[in-house]
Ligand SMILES: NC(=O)c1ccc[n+]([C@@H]2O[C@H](COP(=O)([O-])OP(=O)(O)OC[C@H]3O[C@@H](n4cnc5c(N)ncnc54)[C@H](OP(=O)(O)O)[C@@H]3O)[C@@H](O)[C@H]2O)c1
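Given next, in structure tokens, is a single chain: the form predicted alone.
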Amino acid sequence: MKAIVYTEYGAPDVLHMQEVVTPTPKENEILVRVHAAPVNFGDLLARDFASVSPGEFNMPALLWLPSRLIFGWNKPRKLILGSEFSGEVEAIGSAVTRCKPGDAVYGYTGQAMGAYAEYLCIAEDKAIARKPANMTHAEAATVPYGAIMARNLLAKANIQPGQKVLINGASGSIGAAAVQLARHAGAEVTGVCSTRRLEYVEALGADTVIDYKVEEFTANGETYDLIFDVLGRSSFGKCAGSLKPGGIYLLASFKSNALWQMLRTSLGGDKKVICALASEQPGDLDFVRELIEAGQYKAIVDKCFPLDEAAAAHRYVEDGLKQGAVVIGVAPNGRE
């Protein structure tokens, strides 16, 4: 099968097409013919992990070492990137009961990666579900990671109808999902993003959109029940004045000092810091599929690149040009 591989860390040009062995599903695994896979933050990070220092890592420095060991110290251990996909079941292992050959599915492989290839294997008890019927493969491929992370992180805040929620980093995978899931929960949602992506976040359904290059949301006098800082670009110190009594500052990416703030605010005070790690839960993708098919959740694809232009897709994202999701069409109809 054809796959995009990388054997050294570096710029997008380290990605190249190569023939590799097609995987064979184990008894509990599904062989998926991949139609589309998006370019997400994790792909960019993994591709050039050698240049990421512990201080630059977007999580506590203690997690940098195990992460580096997982992905490879001097050179990559996982040669095929891509953690999200949409495609068609090609074959199943003898113990698989959830799907059958020919089913359209979408899913998330996590640190196993492997979606920048014509085929991948995934265990049936992992994050895989029937593809939303009203989405193309390109659209569906962009959903799993952001939706899974946002759903499980927002659950920590127990959003109630009528609450005011601000998403700082609303145009990324997690942020875009958080905007829509918070709206589904009945919240009034403000999204913060760059100038280029204002229309994108508005199209996702945000009630208000703030251009962080023009306005500092902590200085506009508005207060919120929840501030969800996806990449930890702000701080509790800056955001505390923008939280209502009982408000929560929620972080998906955080450093050690934020952990201390979480501990301190848990011991007293009416405003809380929550640092959380999220992983997929059974039913996450089925839940999101139901929202999509009910017209309550959408995916907006900015641009789709063929498989042999994966390096160009990474470069497009790194240059800050995207105004929505960027997808690699693995199969010919993956770009539809």
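One rule holds for the numbers: they count along the sequence shown, beginning at 1. Worth saying up front: this structure is predicted, and the values here are computed from it rather than measured.
What follows is about the form predicted together with the named molecule, which we do not show.
Highlighted residues 220, 240 and 269: none comes within 4.5 Å of the named molecule in the predicted complex, counting any heavy atom. In the predicted complex, none of the heavy atoms of residue 107 sits within 4.5 Å of a heavy atom of the named molecule. Contact annotation: residue 191 falls outside 4.5 Å of the named molecule in the predicted complex, judged by heavy atom distances.
Interface membership of residue 140, defined by any non-hydrogen atom within 4.5 Å of the named molecule in the predicted complex, is ruled out.
Although the partner is absent here, residue 205 is not a contact residue: none of its heavy atoms lies within 4.5 angstroms of the named molecule in the predicted complex.
Listed residues 128, 252, 157, 89 were compared with the named molecule in the predicted complex; 252 is the one with a heavy atom within 4.5 Å. Taking a 4.5 Å heavy atom cutoff to the named molecule in the predicted complex, the contact residue among 261, 83, 171, 180 is 171. Note on the interface: of 51 to 59, 306 to 314, 286 to 294, 25 to 33, the segment with non-hydrogen atoms within 4.5 angstroms of the named molecule in the predicted complex is 51 to 59. Of all the residues from 268 to 283, those having a non-hydrogen atom no more than 4.5 Å from the named molecule in the predicted complex are 276, 277, 278.
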